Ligand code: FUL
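Listed next as structure tokens is one chain, alone, in the form predicted on its own.
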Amino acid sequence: MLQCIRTSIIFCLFGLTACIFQKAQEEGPYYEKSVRLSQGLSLDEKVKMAARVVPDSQQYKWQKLEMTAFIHFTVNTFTDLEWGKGDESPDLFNPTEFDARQWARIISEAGMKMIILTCKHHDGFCLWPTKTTNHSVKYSPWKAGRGDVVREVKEACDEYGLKFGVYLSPWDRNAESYGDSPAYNSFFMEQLKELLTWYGDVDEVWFDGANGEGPNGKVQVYNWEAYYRLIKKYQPGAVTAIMGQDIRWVGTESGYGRETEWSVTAFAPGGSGTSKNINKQLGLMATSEDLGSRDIIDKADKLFWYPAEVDVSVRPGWFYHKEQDDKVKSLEKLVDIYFNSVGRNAVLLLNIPPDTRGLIHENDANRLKEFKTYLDNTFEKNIAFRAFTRFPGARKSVDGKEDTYTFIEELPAEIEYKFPFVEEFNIFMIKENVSKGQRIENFKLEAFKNDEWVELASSTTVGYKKLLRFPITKSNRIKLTINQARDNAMISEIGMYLTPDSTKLP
């Protein structure tokens, strides 16, 4: 009887504790994708509202992809150019061993989750049998004019479980109507409609920001709002990137994001006149070093969830050039890019250009295989998994579950984790629960060595994922300090790792 009473008391206490923690979880409001800041708000009030801006479901799913693949492939592949002039003959396009399944297999095995295909680059050549122009695969010798690169790539993506995105260049150096804004907008929207309706689900639509002049120097005015409406009509689940409303260009093609990378920014999305005016008034560009600090928020009237995509090519060029076969980025370089893109709250869009055969070159394929092996070996074992901690709720950040998180109300907060044994590590990972916003502004990591706490690394923003590297350290205790946040902090996961080859790290 006494044992039953004790058991009941324990269960009641456990339930009470669970209730206390449950009550600690914050209530709304949250602001999906954007929030308008009313006049008269204090900076603290604006900052707290910034903390409550959250991604919509498509943006959140996109962020979790982490790595995606770009495929640049068109007549430029055969002319050895980066930007075609638009006067190239369709006869030039004739890949001898075209195999979209090879692309999808290599990209899937490399750990990337989507292929974005340059369906039409600036030269205007279309990789599908469009009804809008003769400048397409339909008028090429490839497969006697009956081929469709877009369809084959989409089918290969479906076979290998990859998402599928389309790149459609607004700038068209071949179209006669370019520069006659109403006529070209109608032409462009028909091309966009074909891509959105002929091939099933499209997960990302990528609009390049390059903007040239039309015939006789006439400037083309793009009808961005009409483009967005068309996408929402036919592919409501797709995110729109770069000159789109959902995904932001990080501002460089080097492969490196900012250390302080806010997904909540005052930088207005898209190419509409309204967005351009907002950015002009704030003095913001995609390349600006600061897009979301407290200083920027204080000047803004509206904030947006507008996360960064980092695009870079595995080679010096975006299109295949034979003389670059021995210039594929080294494993060390790709690892560094990963830590400075995915590890800085962005998605890495890595370009892999097929050659004139229509295949991913062996050098590129081998490097991607090495890259995947390195990442697998590095992140295979999370030393912090199920680490002991006394901080309330902190076990939720080491339980390996995506939907749990450590809730922190009082700052600064020190969270100590203890491992069963002394371990070696040189990589730290921290993730926020970005479904509830991006909050953390400053944190540091320490290890207990020689009877004292030694700082290993520190940084600013976290977001979806932050990765920090430091010299190999031996310890069985670490301490994470969240110094500053815009609202309650929510840590979904932390990780401690040891790189398989320490010579690959600084």
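Please read all numbers here as calculations on a predicted model, not as lab measurements. Each residue number is its position in the shown sequence, starting from 1.
Although it is not shown, the form predicted together with ligand FUL is what the next lines describe.
- Within this chain, residue 443 is remote from the site of ligand FUL in the model of the complex, having no heavy atom within 4.5 Å.
- In the model of the complex, ligand FUL stays beyond 4.5 Å of every heavy atom belonging to residue 355.
- Of the heavy atoms in residue 122, some are within 4.5 Å of ligand FUL in the model of the complex.
- Ligand FUL is not drawn, but in the model of the complex it has no heavy atom within 4.5 Å of residue 464.
- The partner is absent here, but in the model of the complex a heavy atom of 83, alone among 187, 339, 83, 78, sits within 4.5 Å of ligand FUL.
- Just one of 379, 318, 256, 222 comes within 4.5 Å of ligand FUL in the model of the complex, counting any heavy atom, and that one is 318.
- In summary, the region of this chain contacting ligand FUL in the model of the complex, judged by heavy atoms within 4.5 Å and restricted to 398 to 406, 192 to 200, 114 to 122, 297 to 305, corresponds to 114 to 122.
- In sequence order, 206, 208, 210 are the residues of 201 to 233 having a heavy atom within 4.5 Å of ligand FUL in the model of the complex; the partner itself is omitted from this view.
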